[in-house]
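Shown below, as structure tokens, is a lone chain in the form predicted on its own; questions about how it binds or moves come after it.
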Amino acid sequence: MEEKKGSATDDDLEYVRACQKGDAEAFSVLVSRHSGKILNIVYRMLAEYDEACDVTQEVFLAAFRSIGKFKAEAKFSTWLYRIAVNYTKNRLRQRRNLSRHESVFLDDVADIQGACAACSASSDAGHPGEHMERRELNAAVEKCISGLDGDYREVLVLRDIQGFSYEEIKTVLRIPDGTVKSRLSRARLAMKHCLEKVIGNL
């Protein structure tokens, strides 16, 4: 079956092959294409923007160094997201002993995919009270996400925030389908309980 010309998968593979042949410019295209989603995933798991930027850079550096090993057994994006999750887990382990955890409002984070421009404009035009309520809700969600166990947090971020399919999550995390669903169910329940405590019954 012929792939649709210009599809993300086809374009990714084209640039990956070029990069494997020594074309460094091709890798910059892959960075441009995937940096927004990688940063969003890492940030949602770390809840610290500057640190998420650092980890995102580490992810792409690691991908560049090991791209020669990419065998196209899965999509390039899936391979890249796996690296991102692993590096984020490592960073979480490194800071586990830190008592101070800085939380950043979602509204204060620039969405480098450009998806929040219209959202910001519409929110500014709304009633100030509504804008404050939305910021408080976002802050509560961030607090509850950051409080989840790592295994639950990564599944929740990939599924409910990034919109990954169960099959994609299973491939990225290398866990069985049943484990994905079980962790997601527990993560959602934990989020519900946390939000009920923070902002009252939903």
Partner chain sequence: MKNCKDIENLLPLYPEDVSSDDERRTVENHLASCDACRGELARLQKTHRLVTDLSDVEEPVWFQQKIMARVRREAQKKTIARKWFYPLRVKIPLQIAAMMVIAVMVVYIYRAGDEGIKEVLPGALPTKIESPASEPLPPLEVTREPELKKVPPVNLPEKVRVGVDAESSAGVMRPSAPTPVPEAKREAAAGPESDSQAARRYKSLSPAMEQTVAVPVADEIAAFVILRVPDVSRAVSGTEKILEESGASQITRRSLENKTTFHAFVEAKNLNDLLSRLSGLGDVDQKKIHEVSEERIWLIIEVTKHKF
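Note that this is a predicted model, so its numbers are computed, not measured. Numbering follows the first chain given and starts at 1.
There is another form of the same protein, the form predicted in complex with its partner chain; it is not shown, and what comes next is about it.
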Task: Interface membership of residue 13, its partner chain in the predicted complex, 4.5 Å heavy atom rule - done: no
Open item on the list: Is residue 174 part of the interface with its partner chain in the predicted complex - any heavy atom within 4.5 Å?
Closed with: no
Open item on the list: Since only the chain is shown here, I'm wondering whether residue 199 would be in contact with its partner chain in the predicted complex (any heavy atom pair within 4.5 Å).
Closed with: yes
TODO: Could you confirm whether residue 159 comes within 4.5 Å of its partner chain in the predicted complex, counting heavy atoms only?
DONE: yes
TODO: Kindly indicate whether 71, 136 and 167 are, all three, within 4.5 angstroms of its partner chain in the predicted complex, using heavy atoms.
DONE: no
Task: Residues in 68-82 close to its partner chain in the predicted complex, defined by a heavy atom within 4.5 Å, in order - done: none
